[in-house]
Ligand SMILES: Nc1ncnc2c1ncn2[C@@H]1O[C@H](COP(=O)(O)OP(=O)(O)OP(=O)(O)O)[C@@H](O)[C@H]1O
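What follows is a single chain, given as structure tokens, in the form predicted alone.
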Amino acid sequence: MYFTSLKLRHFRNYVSLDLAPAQGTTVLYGANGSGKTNLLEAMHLLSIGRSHRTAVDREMIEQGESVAFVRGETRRLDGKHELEVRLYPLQKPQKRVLLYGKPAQRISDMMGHATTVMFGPEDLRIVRDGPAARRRFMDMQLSQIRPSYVQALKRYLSVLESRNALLRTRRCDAPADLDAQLDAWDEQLAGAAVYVVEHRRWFLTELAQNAADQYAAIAEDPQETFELRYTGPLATVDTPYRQMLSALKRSRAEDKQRMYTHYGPHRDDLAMLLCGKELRAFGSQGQLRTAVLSMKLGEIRLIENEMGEKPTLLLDDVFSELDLKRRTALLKTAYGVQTFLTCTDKADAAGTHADAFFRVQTDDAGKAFLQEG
């Protein structure tokens, strides 16, 4: 898969942009804050319907504008795909998706039309932050590869919220049949949990092997072994439905006291180990970056194996902290993949054999524009 067209209107600091991307590697270079990352963010938005760096859609709209949009065309094995995301700061819904010029019923309908793998400085949070960051990583990638996962996750979270709302009922207002209602929600939650766990288990099993291979190719020390493990209440059980249902009943008294469901895949995590030790606690800065980069490159192979075609690779300022060996290994792995790479200096991209170079600049008002060459 690759992008053949990208149009931006009032998106971040781009008043207007029309770009026909090269099928190979495109280098975007320029000063920090000029708008390089904004371009990558736009393509990421088209792939999963959300930004990789903000949960507030309004932040992506040029100040003072009533609408912003990102429109793209991609070429896949089955032909041309057209998709668009429109952002409205003062209307509801604030975000709308169009496919082939027609409104989509759900934002999740856009999954599978544009597939991207992005790596930027903020991705180190996958290692450094808590379990929520790693669950977000799993959910975002799985949503692209298996669109059915989006509905499975939404179903689980919806049932979870309903059960939690019931648990938050004040004791004086609790319904007489509280336990009977919880029995019904327990069955629904256990059933919904199965699909979430099965998808995550498959994804991390595949990714673990791919990421380990990529790390071995990039790392300076061949003795370093990188390992991913899916951890969580149901990560390794053979009968997740029965286990979930049983655990919910055992913990019901505690859940009532806490007014929150504390057992289930919403507590899942991803263990990242280097030579058997916790990466977050013992890894160096270079090892952390190599590990996350290996995971991202591992996704490329996983997506190709699952979907039959490679995604577009978005690399945001990754060369600044990679030595020559890691750069070379990265470029070798990315061969044959449409790649967008950002850097501050054109010389930083030496050796990339890029098909196109664009200097990203801003005018006196801070609005971004591209200059080829």
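Since the model is a prediction, treat every value here as computed from it, not as a measurement. One-based numbering along the sequence shown.
The next section is about a form of this same protein that is not shown, the form predicted together with this ligand.
For the three residues 5, 81 and 309, a heavy atom within 4.5 Å of this ligand turns up in the predicted complex in no case. The closest non-hydrogen atom of residue 338 lies beyond 4.5 Å of this ligand in the predicted complex. At a distance threshold of 4.5 angstroms between non-hydrogen atoms, residue 317 is in contact with this ligand in the predicted complex. This ligand in the predicted complex is not approached by residue 67, whose heavy atoms all lie more than 4.5 angstroms from it. Contact annotation: residue 327 falls outside 4.5 Å of this ligand in the predicted complex, judged by heavy atom distances. Stretch-level contact analysis of 300 to 308, 328 to 336, 42 to 50, 55 to 63 against this ligand in the predicted complex, using heavy atoms and a 4.5 Å limit, identifies 55 to 63. Scanning 10 to 35 for heavy atoms within 4.5 Å of this ligand in the predicted complex gives 12, 13, 31, 32, 33, 34, 35 in sequence order.
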